[in-house]
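Quick heads-up: it's one chain on its own, the form predicted alone, in structure tokens.
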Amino acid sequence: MSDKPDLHLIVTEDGSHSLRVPELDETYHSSHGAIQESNHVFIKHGLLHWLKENPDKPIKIFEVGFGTGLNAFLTLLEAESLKINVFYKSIEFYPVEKELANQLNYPKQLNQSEALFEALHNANWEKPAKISELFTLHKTKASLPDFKFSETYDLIYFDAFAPSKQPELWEYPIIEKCYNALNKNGIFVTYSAKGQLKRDLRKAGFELETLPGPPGKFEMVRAIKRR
């Protein structure tokens, strides 16, 4: 996409909202359920898996694609529930307008504070914002190919648009870049399980796990940097 996309609000099968990009014929989340997908892929098989292996430790997360803020919101809720310190860095080249973000029904669907969700979208870009005592968000307007990592992370939520829609975000140099940005035993997690992605993850040095996918998707991938 060369220009800011035209976004349409849609309702997914679990009742939660997502956004559709007609130009790409693509949605920000699975049409089978936005909250279901994010919880399954990024929280259950990403965040909670890392915390199981590293109990009581603070965690640094890097997200590719802030989008609707759903992954950040779910992570914030886990931080508050489990009392863990989270530093959450997220990049997004086309930030969602606040007016549209305020229409998203995630707080209602999850029976959580609208103010907390709005705080994620209202946070200034390009500098850290303390959303709560346990959760710090740093949003940066950038595309992953151009982004230069200045620090390392424990967990990467790789939530870019599908390889068929934006293949440049899934090429080997990007995968290698993510590998180098992770700490030892860091996790790369994504909803995709394409064969080329798996080959590239192994080539970069990851230990690969193919896991059951969320509703509507057969498989997903978790990769771990062991060295």
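Small disclaimer: the values here were computed from a predicted structure and weren't measured. Residue numbers run from 1 along the displayed sequence.
Although not depicted, the form predicted together with a small molecule is the subject of the following passage.
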Students should find that, of 43, 197, 181, 169, the residue having a non-hydrogen atom no more than 4.5 angstroms from the small molecule in the model of the complex is 169
Students should find that, of 123, 84, 91, 76, the residue having a non-hydrogen atom no more than 4.5 angstroms from the small molecule in the model of the complex is 91
The stretch from 76-84, 108-116, 124-132, 138-146 that lies within 4.5 Å of the small molecule in the model of the complex, judged by heavy atoms, is 138-146
Just checking whether residue 175 would be counted as a contact of the small molecule in the model of the complex - the rule being heavy atoms within 4.5 angstroms.
no
### Task
State yes or no: in the model of the complex, is some non-hydrogen atom of residue 66 no more than 4.5 angstroms from a non-hydrogen atom of the small molecule?
yes
Worksheet item: Given that the partner is absent here, does residue 189 sit within 4.5 Å of the small molecule in the model of the complex, heavy atoms only?
Response: no
Residue 160: touches the small molecule in the model of the complex, heavy atom cutoff 4.5 angstroms: yes
